[in-house]
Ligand code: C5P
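Heads up, the chain below is alone and in the form predicted alone; it's given as structure tokens.
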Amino acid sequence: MGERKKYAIIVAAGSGTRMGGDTPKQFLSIGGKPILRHTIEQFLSLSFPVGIIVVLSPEKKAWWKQYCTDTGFLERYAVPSGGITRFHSVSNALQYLPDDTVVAIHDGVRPFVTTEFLEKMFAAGEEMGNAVPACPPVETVREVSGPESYVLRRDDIRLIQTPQVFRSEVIKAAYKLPYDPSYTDDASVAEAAGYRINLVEGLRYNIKITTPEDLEIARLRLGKATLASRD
């Protein structure tokens, strides 16, 4: 069997309640473009073609389609509806994923992934069946139990990021499991289905834009990148 085709599921159905305001964070504009577009453009910049599947809330699908039409962005893509949880959103998206492929499942509000990092993740996921980016914490970590707290060994802790990359047969089999609230990401679903999770080195500045403070950081980074591209 030859090299598998690559796909990206971009999860962007959240309401962004922690950000405040009426506009979900993935649609906030930085440098003249929505954060979601910045994220998708990273996948479109790779040295191989990537099929794009964008998971959106039903009420935002018409807006996104009109935006793509008006700006000439993303002529071909699938746009499944988001579910009541991230698990359900990804499950809906997997119905659009062909067999015998490799898929990167990524948060729509993580726009700082690089071409090199994404290509590394796709290669690792295709080779090992799954690949999950992880970073060691740089701050002291404590576990809280009621009024007490206990320090944890940083060497034993990893902070998990996206994109999490899987062979299609692995992640499709995993998502046949019934929903459980403990499934906080795709790796936790695959692990519950019996797959060993392969951690690979993450990208330190691959932050998820969740709070107003994150948004300020994003505006600084993405704004500078936009200005540099115009020089």
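All residue numbers refer to positions in the sequence shown, first residue = 1. All figures in this text were calculated on a predicted structure; none of them were measured in a lab.
Missing here is the form predicted in complex with this ligand; even so, the following discussion is about that form.
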query: Contact test in the predicted complex: P136 vs this ligand, heavy atoms, 4.5 Å; finding: no
query: Heavy atom of Q164 within 4.5 Å of this ligand in the predicted complex; finding: no
query: In the predicted complex, G129 touching this ligand (heavy atom, 4.5 Å); finding: no
query: In the predicted complex, V109 touching this ligand (heavy atom, 4.5 Å); finding: yes
query: Which of 115-123, 67-75, 139-147, 86-94 lines the interface with this ligand in the predicted complex (heavy atom within 4.5 Å); finding: 86-94
query: Stretch 186-210 - residues with a heavy atom within 4.5 Å of this ligand in the predicted complex; finding: K208
